[in-house]
Ligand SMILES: C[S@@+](CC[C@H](N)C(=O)[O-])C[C@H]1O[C@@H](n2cnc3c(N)ncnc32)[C@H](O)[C@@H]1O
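Shown next as structure tokens: one chain only, the form predicted alone.
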Amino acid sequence: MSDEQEYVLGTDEDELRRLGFQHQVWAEPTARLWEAARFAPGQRLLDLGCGPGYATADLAQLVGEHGGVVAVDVSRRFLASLEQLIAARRLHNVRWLEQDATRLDLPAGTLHGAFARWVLCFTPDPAAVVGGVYRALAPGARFAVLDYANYEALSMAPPSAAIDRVIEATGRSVRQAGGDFGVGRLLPRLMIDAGFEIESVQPIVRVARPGDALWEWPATFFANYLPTLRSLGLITETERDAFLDVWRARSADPAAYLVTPTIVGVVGVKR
């Protein structure tokens, strides 16, 4: 199976650029989650579903030369990009593994922490992912997850049926591929069932206005994903064009704003 088939959003150059931009836009909430998980220098951490490695590189700098990061992803193309990134930054404390997140094969009880961002929402078996992470962590280690609790809460003001239609189709496309853009609502129970104790659950909802970097976050996503929705038959050409017309209009409207999907940051500790 190719990377393009493994990933709903693909792994091409456009997606690599989008992920780099996304990492920058969400760097601050991510850093707050790492602080809540007590990630620190000298630790050995797992970056699960690392993609092209933007978070991996930051974690490697956080843990320093006496720590290390194990980066796991199923995409060879993403891992090749990760190799280039860590070489460019001269990071010598990163080890990467090509593995499916639902079938982790890591030494038991060896990691001081684990991180997953927008990974569980795309997997058909999030319980298996959480269980695999639990086995790999040492007692007292923490699993920090940032993921969607309600993707379809993404909303535009002034409201637009054309925007809402594409948001609904996006959620449906992920469900058809076996994922769940509401997995954040299941996370605490999944963690408890695996053996974790929940330390914190923090909602993350942000507001963007035209011209903000955050405004461009969904814009870059839909620029890449509208052709996929069309090819899947989940939207028509007319619906695609209506979405683009409204988005352009809102982007020039000083009264417009958007509310991001509801996201949660969950931290569980292995006792």
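Residue numbers run from 1 along the displayed sequence. Source: prediction; values computed, not measured.
Heads up, the form predicted in complex with the named molecule isn't pictured, but that's what we're talking about next.
Engineer: Can you check whether W96 is within 4.5 Å of the named molecule in the predicted complex, heavy atom basis?
Structural biologist: No, no contact at 4.5 Å.
Engineer: Any of the heavy atoms of C50 lying within 4.5 Å of the named molecule in the predicted complex?
Structural biologist: Close contact exists here: in the predicted complex, C50 approaches the named molecule to within 4.5 Å, heavy atoms only.
Engineer: Is R117 close to the named molecule in the predicted complex, meaning a heavy atom pair under 4.5 Å apart or at it?
Structural biologist: Yes.
Engineer: With a 4.5 Å heavy atom cut-off, would you call S81 a contact of the named molecule in the predicted complex?
Structural biologist: Contact check for S81: no, nothing within 4.5 Å of the named molecule in the predicted complex.
Engineer: Just to be sure I understand the contacts: of L91, A162, A128, V74, which is the one whose heavy atoms reach within 4.5 angstroms of the named molecule in the predicted complex?
Structural biologist: Spelling it out, the residue with a heavy atom inside the cut-off is V74.
Engineer: Could you work out which of L111, V166, A101, L187 is the residue within 4.5 angstroms of the named molecule in the predicted complex, going by heavy atoms?
Structural biologist: It is A101.
Engineer: For the chain seen here without its partner, which of 42 to 50, 206 to 214, 225 to 233, 57 to 65 has a heavy atom within 4.5 Å of the named molecule in the predicted complex?
Structural biologist: Flagged stretch: 42 to 50.
Engineer: Counting only heavy atoms, which residues in 250 to 271 are within 4.5 Å of the named molecule in the predicted complex?
Structural biologist: Contacting residues: none.
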